[in-house]
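Here's a solo chain for you in structure tokens, the form predicted on its own.
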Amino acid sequence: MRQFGTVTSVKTANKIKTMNKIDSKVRANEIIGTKQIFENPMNESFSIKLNGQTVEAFPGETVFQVADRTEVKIPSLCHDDRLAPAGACRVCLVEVAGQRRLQPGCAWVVTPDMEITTESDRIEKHRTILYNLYMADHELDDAGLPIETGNGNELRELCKTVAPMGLEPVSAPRAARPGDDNPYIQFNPELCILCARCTRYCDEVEAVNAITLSHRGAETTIETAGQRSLIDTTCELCGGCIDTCPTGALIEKKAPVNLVQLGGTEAVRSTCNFCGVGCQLDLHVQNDKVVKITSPEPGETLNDGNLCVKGRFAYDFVHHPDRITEPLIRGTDGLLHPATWQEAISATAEGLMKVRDQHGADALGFVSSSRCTGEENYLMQKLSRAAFRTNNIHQCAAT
């Protein structure tokens, strides 16, 4: 949605006139949507027709948003709720009454009394041709479908819904990054459909701009500056590009590439313990071992589908042989011995009270962790101040 302020110069006015000439129909639709918001300051709803049914819509909503709220499924490959609409994949095209061409449902703003059709012979013909064009420029399996990856392939599922046209394969010399020695993210250009979800995520969500669409035509690919390794760029290795990629062109190096063939995984919801934010994550378990970590769907949890490099990739400690899995108490022999939780808590309490009784409360010091929740940190300072009567309490995040 574009809004223009006061024109302060002839040069600015001419620039705006030039911009308004570009894609005038789409811009006119956006301006109508903007005007509707101004005319409805309280965001009053209005009616539109979606597949012949009258439904409620709100100012500024796109066809995709209205359809999603009314449980009308519109396929898409380039849409992510966290990103601004791009209309790049052309999968979500719909019919809008009065418009000569099919319009992208993810970007088309609805207006009062608009009539929209999401399923028709014309749309089905468009999807059949489009999906087959994608397959002609995609690595296929023995069944003639886009290959399955450990992260799935949304294009594969869409291609199953149309009849194959047997188009000749397209030679698209998209370059990869063969020298990229980063330990986490693998890019396969043969699976890339140039939806730009990864580059837009890197820009709009992470504000890092480590990757971008580069070159032109059939040579267009996802590149870093100078084709450098992600390690040598501004990339934070958060893996968000993997999460948003619809075809598996970006995938984890650490996870087995044949997860689907191995029978898939069981997803177990958990909380990341690397800081106190409380990001939710899904542990993918196979044969009692965590083989991959993903984030829940955007909008479900407080991290909105995002994870940092630690949350997504630092799970090797779970099965590390040196990991402590039970309490240990140092005995009189100077060695650590396994104990129950009750024994460990009792030993801790006795040790603290012994120091307090012999040297006073201020001889004690308490340090809590940023990996704990806010409630746990509160209890730690409560233990220090209320139970042991000392203000010697510190939190490692304060340093």
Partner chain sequence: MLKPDANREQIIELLEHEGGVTEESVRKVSQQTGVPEADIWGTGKFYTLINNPGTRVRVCDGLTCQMFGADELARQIVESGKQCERVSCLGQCDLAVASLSEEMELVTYSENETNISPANDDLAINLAGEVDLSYSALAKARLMDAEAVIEELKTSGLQGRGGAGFPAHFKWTSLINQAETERYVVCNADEAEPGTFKDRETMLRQPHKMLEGLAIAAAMVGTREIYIYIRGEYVNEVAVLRAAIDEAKGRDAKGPLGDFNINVVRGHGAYICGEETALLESLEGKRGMPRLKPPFPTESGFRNKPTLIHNVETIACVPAIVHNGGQWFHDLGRTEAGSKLYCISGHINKPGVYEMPLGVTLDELVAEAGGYVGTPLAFSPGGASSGFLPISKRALPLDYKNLADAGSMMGSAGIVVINDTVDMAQAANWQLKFFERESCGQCAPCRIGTQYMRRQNENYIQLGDPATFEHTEDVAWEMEEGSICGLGMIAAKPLTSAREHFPDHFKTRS
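Positions refer to the first chain, counted from 1. Note that this is a predicted model, so its numbers are computed, not measured.
From this point on, the text means the form predicted in complex with its partner chain, which you will not see here.
Its partner chain in the predicted bound form is approached by residue 207, whose closest heavy atom lies within 4.5 angstroms of it.
In the predicted bound form, its partner chain lies within 4.5 Å of some heavy atom of residue 226.
Interface membership of residue 150, defined by any non-hydrogen atom within 4.5 Å of its partner chain in the predicted bound form, is ruled out.
Residue contact check for residue 189: none of its heavy atoms lie within 4.5 Å of its partner chain in the predicted bound form.
Taking the partner from elsewhere, every residue among 90, 100 and 108 has a non-hydrogen atom within 4.5 angstroms of its partner chain in the predicted bound form. Distance criterion of 4.5 Å from any heavy atom to its partner chain in the predicted bound form singles out 130 from the list 176, 140, 130, 162. Screening 96, 251, 194, 72 for any heavy atom within 4.5 Å of its partner chain in the predicted bound form leaves a single hit, 194. Taking a 4.5 Å heavy atom cutoff to its partner chain in the predicted bound form, the contacting residues in 193-221 are 193, 194, 203, 207, 209, 210, 211, 212, 213, 214, 215, 216, 217, 218, 220.
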